[in-house]
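This document starts with one chain, in the form predicted alone, laid out as structure tokens.
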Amino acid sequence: MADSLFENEFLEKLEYLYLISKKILSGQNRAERRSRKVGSGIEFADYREYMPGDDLRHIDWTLYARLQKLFLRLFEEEEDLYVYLLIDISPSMRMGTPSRLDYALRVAAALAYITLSNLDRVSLLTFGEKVEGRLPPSRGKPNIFKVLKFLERIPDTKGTRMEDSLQAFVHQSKRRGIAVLLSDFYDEKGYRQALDYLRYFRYDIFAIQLFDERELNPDVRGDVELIDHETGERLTTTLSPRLIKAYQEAFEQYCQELEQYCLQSEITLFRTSIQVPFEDLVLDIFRRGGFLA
């Protein structure tokens, strides 16, 4: 499935997206990304009293001349930004050709390439009922081939358990950073607790909701058998214009609820049809700001 997504033309497009994103970032007021960890970096943070064994090179002798006490200058350490790409590979993401999963893999590859080119660290995780695969954090543009190899080996999975999967992700991650969640957000147990878990552990969250126009506007009428791609449950019904309209209204209400939740929770949400070129979505992410800036 995924191997045909990353042809030479796609790789050339990644470099184009990086160059454009670099221009967008240069036009924004980029904050210095520094941790709260106090060490021996170059950005002054605070003072504390000298204690035996401390490095004498950090004593502020000017302050000593005024107060007749020894104080150390403390600094904030500049650290790499960590970007985690969390990809839903559940059965509902695999429907259609191309599928939502195909689209998600392209977007993930593009964001990974730009992150690596920016000399930040990127890690990938795939999940369905549980965490299915994980690529440890890496840094530097040459690691894009490791990323693409990982994305070409997507295993089959059953169902969606977003909450369990993201809890496992948090417990396995030592460093906080940006969490980009690519999903259709179809989970019987809902998405709120999963996203709340990321919020509790102070990840900066980018939620990317993917949908397919072909499913929203089905070109079929009459008696049909519907099969739940997640559970295998079957339902025989008659698809009338009235029923299709009700389905579309229910879908729109679901999307509005997700949008409202993200707005209240200060989560950046992107809702996109997979019929939109993936590069348009990637550039929109940078134009909205907050990613790698």
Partner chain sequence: MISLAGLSTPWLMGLGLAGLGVISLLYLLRLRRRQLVVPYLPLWHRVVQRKQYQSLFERLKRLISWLLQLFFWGLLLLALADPRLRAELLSGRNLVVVLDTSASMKAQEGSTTRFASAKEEALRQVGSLVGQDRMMLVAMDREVIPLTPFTTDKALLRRQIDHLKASDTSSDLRRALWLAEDALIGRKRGEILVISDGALGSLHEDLLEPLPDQKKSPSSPALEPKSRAAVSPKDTARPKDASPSKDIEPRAATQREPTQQRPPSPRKKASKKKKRTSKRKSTSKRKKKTTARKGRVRRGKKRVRRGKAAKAKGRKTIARQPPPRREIELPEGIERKLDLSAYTSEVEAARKLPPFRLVSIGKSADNVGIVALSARRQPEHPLHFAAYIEVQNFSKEPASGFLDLYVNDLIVESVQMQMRAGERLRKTFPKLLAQGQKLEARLVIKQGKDHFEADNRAYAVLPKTEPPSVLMVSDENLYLHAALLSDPQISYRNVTCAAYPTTQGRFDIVIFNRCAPPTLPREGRFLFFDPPEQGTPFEVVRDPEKMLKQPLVTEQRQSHPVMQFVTMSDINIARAVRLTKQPNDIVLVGAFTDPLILARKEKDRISMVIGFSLRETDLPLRVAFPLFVRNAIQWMVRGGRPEPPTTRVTGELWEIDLPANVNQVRIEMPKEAGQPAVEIPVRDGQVTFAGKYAGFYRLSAPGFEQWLGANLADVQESTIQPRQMLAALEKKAKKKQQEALRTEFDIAGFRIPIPRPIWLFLLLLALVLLSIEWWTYNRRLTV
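Residue numbers count along the first chain shown, from 1. Computed from a predicted structure; not experimentally measured.
There is another form of this protein, the form predicted in complex with its partner chain, and it is not shown here; the text below is about that form.
Distance criterion of 4.5 Å from any heavy atom to its partner chain in the predicted complex singles out 221 from the list 221, 192, 139, 176. Note on the partner interface in the predicted complex: the residue among 56, 65, 235, 51 having a heavy atom within 4.5 angstroms of its partner chain is 235. Exactly one of the stretches 165 to 173, 89 to 97, 195 to 203, 106 to 114 approaches its partner chain in the predicted complex with heavy atoms within 4.5 Å, and it is 89 to 97. Although the partner is absent from this view, residue 156 stays clear of its partner chain in the predicted complex, with no non-hydrogen atom inside 4.5 angstroms. For residue 60, no non-hydrogen atom is located within 4.5 Å of its partner chain in the predicted complex, even though that partner is not displayed. By the criterion of a heavy atom within 4.5 Å, residue 213 is excluded from the residues contacting its partner chain in the predicted complex. Taking non-hydrogen atoms only, residue 240 approaches its partner chain to within 4.5 angstroms in the predicted complex. Contacts between stretch 162 to 201 and its partner chain, counted in the predicted complex as any heavy atom lying within 4.5 Å, involve 186, 187, 188, listed in sequence order.
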